[in-house]
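Read the single chain below, which is given as structure tokens and is the form predicted on its own.
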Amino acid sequence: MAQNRETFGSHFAVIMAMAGSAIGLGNIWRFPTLVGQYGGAAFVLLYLVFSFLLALPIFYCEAIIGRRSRANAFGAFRKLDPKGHWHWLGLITVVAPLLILSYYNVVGGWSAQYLFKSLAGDFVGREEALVTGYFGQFISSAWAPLLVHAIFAGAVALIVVSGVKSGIEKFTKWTMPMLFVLILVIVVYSVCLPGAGAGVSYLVRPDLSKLSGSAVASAMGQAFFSLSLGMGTILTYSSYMKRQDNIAGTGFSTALADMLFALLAAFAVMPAVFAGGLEPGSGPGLIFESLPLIFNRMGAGLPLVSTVVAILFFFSVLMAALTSAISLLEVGVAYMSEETRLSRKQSTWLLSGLVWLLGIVWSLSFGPLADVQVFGMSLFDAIDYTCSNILMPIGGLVFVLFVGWKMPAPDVYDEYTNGGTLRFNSRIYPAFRFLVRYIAPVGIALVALTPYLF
């Protein structure tokens, strides 16, 4: 078992790594899609409220467990509760991110393919039917998706195998600021398109008549999933934090960065969707079908500009996918390298290979295995449902129940306030503890029950 653990080099590095874990494909396609489905600004307001009242306290629970134990998601519970059985529940938060990574790599491969297509100028000056039909044709083929899937999985492994400082920290410190710059460039392009004003209004003028129980539940779920909660990534990254780092400040900064990027992504996508005369609630195809069509239409007058924007957009999608994927893999690597005799290098390549093999099944579920159904769902949808609606909520519930009811209150206070030295944290600690013990468990239960309630 490993005795010496790396730590992040600075507080800025911690925030960039945490933000990289949180900011991913969900911010770029899932959030704008939900905004489109549930009426724009009203949904955005709900999302912001739940991010602070539900998601942030859960984030703090993971961070407290991680830094207090300085161990992986399995070893943390064994260390903090050596006579109990919580570590077996912690094992769920080791398995879940690896399962998520197995199909996340597939989607990451799609983003790589679309970047390659953008670099070739294939989304400008083409017949519209060819642009919109490409996505279905591509994912239903056997070999092309597997190739980019392997490329993406290999890139993730190369980053993680380099270690916490030389790999994860170095990559996220450069990537995250660049991502914000890129998305801002795309926002400027999007809002300047003819007819984009309707999309801007859609995002800034709340229409409360659009709110429903389903919208509330979806906003709560998006706040939960957007911060990568319930799957051990925050716990694992927090175990690399230094003692002087402010857990509350780190969590707030991460949540703020995550929300800001999600909002910028919405302003990058929705004005362009309205400008192109497309349906704002068109689902995940918004990114891989609708936006290439918009780039194609806008390229009729300015082909070079549209090509460059398409390249920047799909490069941003790819980088966001990578920053989240490395956090998912790191959970398993930390577990293997600390709980077995395997080194970081061996753990990384072993897990990456297993995850890649499993991902082949999910990739083929759009093509040769498309007829295979599990409870009426495709294999890809079934594994996504299992992770998102079962394993992640269970993981989140484990974290809040452990911190709220099992972990000694003085230890929780010590971590949250840095031994009482952080006065602001000390003042808000009672509110945090109330949210963790009584509000967060109910919120997580509602997230899990959403598919059955609406």
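Sequential numbering from 1, following the sequence displayed. Rigid core (definition): largest C-alpha set, two forms, superposition within 1.5 Å. All values reported here derive from a predicted model rather than from experimental measurement.
Missing here is the form predicted together with tryptophan (TRP); even so, the following discussion is about that form.
Engineer: Of these, 76, 107, 317, 100, which has a heavy atom no more than 4.5 Å from tryptophan (TRP) in the predicted complex?
Structural biologist: Going through each option in turn, the one that passes is 100.
Engineer: Which residue, 286, 247, 328, 270, is the contact with tryptophan (TRP) in the predicted complex, using a 4.5 Å heavy atom cutoff?
Structural biologist: By the 4.5 Å criterion, the partner-contacting residue is 328.
Engineer: Work out which of the listed stretches, 191 to 199, 340 to 348, 78 to 86, 320 to 328, brings a heavy atom within 4.5 angstroms of tryptophan (TRP) in the predicted complex.
Structural biologist: Only one stretch passes the 4.5 Å heavy-atom test: 320 to 328.
Engineer: Taking heavy atoms and a 4.5 Å cut-off, does residue 64 contact tryptophan (TRP) in the predicted complex?
Structural biologist: Answer no; every heavy atom of residue 64 is more than 4.5 Å from tryptophan (TRP) in the predicted complex.
Engineer: Taking any heavy atom pair closer than or equal to 4.5 Å as contact, tell me whether residue 22 reaches tryptophan (TRP) in the predicted complex.
Structural biologist: Looking in the predicted complex, residue contacts with tryptophan (TRP) include residue 22, since a heavy atom lies within 4.5 Å.
Engineer: Taking heavy atoms and a 4.5 Å cut-off, does residue 72 contact tryptophan (TRP) in the predicted complex?
Structural biologist: Heavy-atom contact with tryptophan (TRP) at 4.5 Å: absent for residue 72.
Engineer: Might residue 380 be said to contact tryptophan (TRP) in the predicted complex, defining contact as any heavy atom within 4.5 Å?
Structural biologist: Result no; residue 380 lies far from tryptophan (TRP) in the predicted complex.
Engineer: Could you check whether the CA atom of residue 29 moves 2 Å or more between this form and the one not shown, using the rigid core for the fit?
Structural biologist: Shift of 2 Å or more: yes.
Engineer: Does residue 47 move its CA by 2 angstroms or more between this form and the one not shown when the core is aligned?
Structural biologist: Residue 47: C-alpha displaced by 2 Å or more between this form and the one not shown.
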